[in-house]
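As structure tokens, one chain now follows by itself in the form predicted on its own.
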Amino acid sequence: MSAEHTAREKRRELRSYLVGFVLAVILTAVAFLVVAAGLPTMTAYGVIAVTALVQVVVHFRFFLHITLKRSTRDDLQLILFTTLIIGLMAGGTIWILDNLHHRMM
């Protein structure tokens, strides 16, 4: 591997981090602006949820370098499965606590 090739790879990686950083800042600013603007609650929740999901994708793509390419697809599947398990655990806990709350009232 030549020094020029290595320098080119470093520039590409730095550009990827900078693009990811700028996108993450913009998405965070959008969420803050929605709250600061005082939009209706359900609209604000929807916009914040969408920006949060987009930000997760930005972090996967630009910071964790996980894409749909063949070599990183296993990592993506592992992350998605972990997300599923955490979602099931959190959802089940909320469901059980809500059920207990209704039984106590």
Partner chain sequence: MTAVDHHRHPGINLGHTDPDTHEQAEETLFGFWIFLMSDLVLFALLFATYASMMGSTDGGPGPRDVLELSSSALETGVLLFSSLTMGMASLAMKYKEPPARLQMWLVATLILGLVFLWLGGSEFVKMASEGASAQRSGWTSALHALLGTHWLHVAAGCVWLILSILQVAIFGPQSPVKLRLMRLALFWHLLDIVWIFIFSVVYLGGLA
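Residue numbers count along the first chain shown, from 1. This one's a predicted model, so the numbers in the text were calculated from it and none came from an experiment.
What comes next is about the form predicted in complex with the partner chain, which is not displayed.
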Is His5 close enough to touch the partner chain in the model of the complex, meaning at least one heavy atom pair within 4.5 Å?
yes
Just checking whether Leu68 would be counted as a contact of the partner chain in the model of the complex - the rule being heavy atoms within 4.5 angstroms.
no
At 4.5 Å, heavy atom to heavy atom, what parts of 17-35 sit next to the partner chain in the model of the complex? List them in sequence order, or say none.
Tyr17, Leu18, Phe21, Ala24, Val25, Thr28, Ala31, Phe32, Val35
